[in-house]
Ligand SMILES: Cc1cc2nc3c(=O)[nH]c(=O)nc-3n(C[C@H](O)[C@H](O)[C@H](O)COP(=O)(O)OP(=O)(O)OC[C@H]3O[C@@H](n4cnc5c(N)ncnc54)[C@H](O)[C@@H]3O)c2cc1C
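Next up: a single chain in structure tokens, the form predicted on its own.
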């Protein structure tokens, strides 16, 4: 009888919060800080490492590796610039990993300090599962709130036929302490290309298997062709139209079977990286106990304010399928925060899609590309410039790629841009800022840019538009 009353008492004493955030990815901590500042008693729940994908397995660690790979590349390829090195260039992956781990640890410490110093924030370590629309169970305890924010991120997709082998993902690749002699990568998107190029520069023999007819298949054909050439020039074997069927492993050797134009073939490797997309971390969140709906891709459905089908529950970051990038996740926080606390109300529809692939040279995109413009039937004009016509690119000895800007023929506003070339991930922001300002292309065309830079060619490009 006493045990019964004790259980009943605990149920009656369920902890109540004003807000619950599930996940400490890019949108979670700033939202928790804002809620706390506005007087909301807030619980933020994390089952793994603080910081989500960006801090732990995405931007921070991979760009640290990209930087190391760039140093190795420059050291090995500077003779044309009159610089030579005596002896062999040694890549110490253990040391590269230590540097990466330090960057991650510093981020963890900063986040933990920020979350724990605020009296209105309770950091709860454990796995969250919905009991109903207002109640979360974590560590055997039930907590409730009037506002709940889902920020659980995503993870690499692993096809069923590859689960029986010791495959790598973007997470486990970053735990290697020795550069593999050979590496097969399944998938020709930005994750596969970034890892492929960096490990090729570290010294691995890399093969990329892509089931489509081009790498980076969302890009325009000319951009995809240029990217493919860049990747091949990095010493990587690229096998297009190669649909991977399955993989087997014996005696530490992985054998990948793939179907190509010549029929079924096999390739052997010591290491296999799967880079075939990502899925949201919602399958064990208990959404079946709520009224939250998902779309046909498995992501949580949200409206323009990022509310789910349950009005007091929001979904931010990778789990809502509306961006899957650190910058879009942070903007998700800005949207929700503005709806809750600010006079100016931001919306998802305000956002121009933008991203970069941090290969070398990088690809950067904003808005529509040529494929999308043609599909939508928009009357447009194009400004285009190959990188080998730009003085600064020639001076740097980095002339691969091209710049493309698309203009609405009726409004003269910028529809989008695709930049592939040295510094593209930075000078794309010239276009992004003008698009958010709602300016016509003439603002950039008539601007005076600094010489010698890549950006100085943007005004020149826009003086020579042609019909798309």
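Residue numbers count along the first chain shown, from 1. This one's a predicted model, so the numbers in the text were calculated from it and none came from an experiment.
Although not depicted, the form predicted together with the named molecule is the subject of the following passage.
Contact stretch among 222 to 230, 120 to 128, 370 to 378, 207 to 215 - heavy atom within 4.5 Å of the named molecule in the predicted complex: Going by heavy atoms within 4.5 Å, the stretch is 120 to 128.
Residue 96 versus the named molecule, in the predicted complex: is there a non-hydrogen atom within 4.5 Å? It does not: once the named molecule is placed as it appears in the predicted complex, residue 96 has no heavy atom within 4.5 Å of it.
Considering non-hydrogen atoms and a 4.5 Å limit, does the named molecule approach residue 27 in the predicted complex? Residue 27: contacts the named molecule in the predicted complex.
Applying a 4.5 Å heavy atom distance criterion, does residue 100 contact the named molecule in the predicted complex? Contact with the named molecule, no.
Using the partner position in the predicted complex, report whether residue 54 sits within 4.5 Å of the named molecule, counting heavy atoms only. Yes, residue 54 sits close enough to the named molecule in the predicted complex that at least one of its heavy atoms falls within 4.5 Å.
Which pick from 299, 162, 325, 258 sits with a heavy atom within 4.5 Å of the named molecule in the predicted complex? Checking each option against the named molecule in the predicted complex, the one that comes within 4.5 Å is 325.
Taking the named molecule in the predicted complex, would 133, 293 and 305 all count as contacting it (heavy atom within 4.5 Å)? No, none of the three is in contact.
Using the arrangement in the predicted complex, list in sequence order the residues of 362 to 384 with any heavy atom within 4.5 angstroms of the named molecule. If the 4.5 Å heavy-atom criterion is applied to the named molecule in the predicted complex, 362 to 384 yields nothing.
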